[in-house]
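One chain comes next, on its own, written as structure tokens: the form predicted alone.
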């Protein structure tokens, strides 16, 4: 991650117009300010209807702010002349891969984006091969998508985005329909793209263990960002997170309950590895104390 800004939202508001004259407009985003750096892994958390998906669509110009501004690589999304470049730089992967896959064969689907960008055929071939290799799907290039598992389909969707050579990938609950193995497959790909290729990742999820992998977490509620920080900072205040209608990682929940019973463990333990380290340190201290 560096100090260059990838996406910046300034005092952004967005509402959905009412379906009838007597109904009120539905306000989805209510004055959000947010800056996302190039190479950052950001997780957006929030209850259903909190505004997360709307915010993501504002980030790649699928929606335009009613008021305020969103800049992507310095380009204002309100300027229609920037839309093509913005969507080239910021790719989106949606919840259901079946709604995003359009080709009859995997490699045809991955080629679809570059074809629409006018990329020469020889270059498309290189991009398709490279993108499928990146997500570990080279052996499935000639498969029909319906033969793939949910996790494999999402990796194909990610490959299709990668073939357009974006600087940022947004996943709007793209792991919510997957089993634990499928989620791991997709998260491994995302972490590799983020850490080794510097691609900015914005991940909307309800799985708190996935949020622990992020550089930063932002919590959205009623169209506002109400909390922001590292995963440890966000999840250390368990009662506040639960008050927002969200869960915490299972490991964090266990130590929270132990501390409620009088134990004195750190309140920012997120992973099993961290838990084992803390437990072993406590056992070592107790052994030394008993010897004395």
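Numbering follows the first chain given and starts at 1. Every value quoted in this text rests on a predicted model; they were computed, and no experiment measured them.
Beyond what is shown, the protein has a form predicted in complex with ligand ADP; the following relates to that form.
- Among 28, 238, 246, 227, the residue placing a heavy atom within 4.5 Å of ligand ADP in the model of the complex is 28.
- Looking at residue 242, you'd find every heavy atom of it more than 4.5 angstroms from ligand ADP in the model of the complex.
- Ligand ADP in the model of the complex is approached by residue 49, whose closest heavy atom lies within 4.5 angstroms of it.
- Contact check for residue 54: a heavy atom falls within 4.5 Å of ligand ADP in the model of the complex.
- In the model of the complex, at least one heavy atom of residue 16 sits within 4.5 Å of ligand ADP.
- Remark: of stretches 229-237, 253-261, 66-74, 41-49, the one touching ligand ADP in the model of the complex is 41-49 (heavy atom within 4.5 Å).
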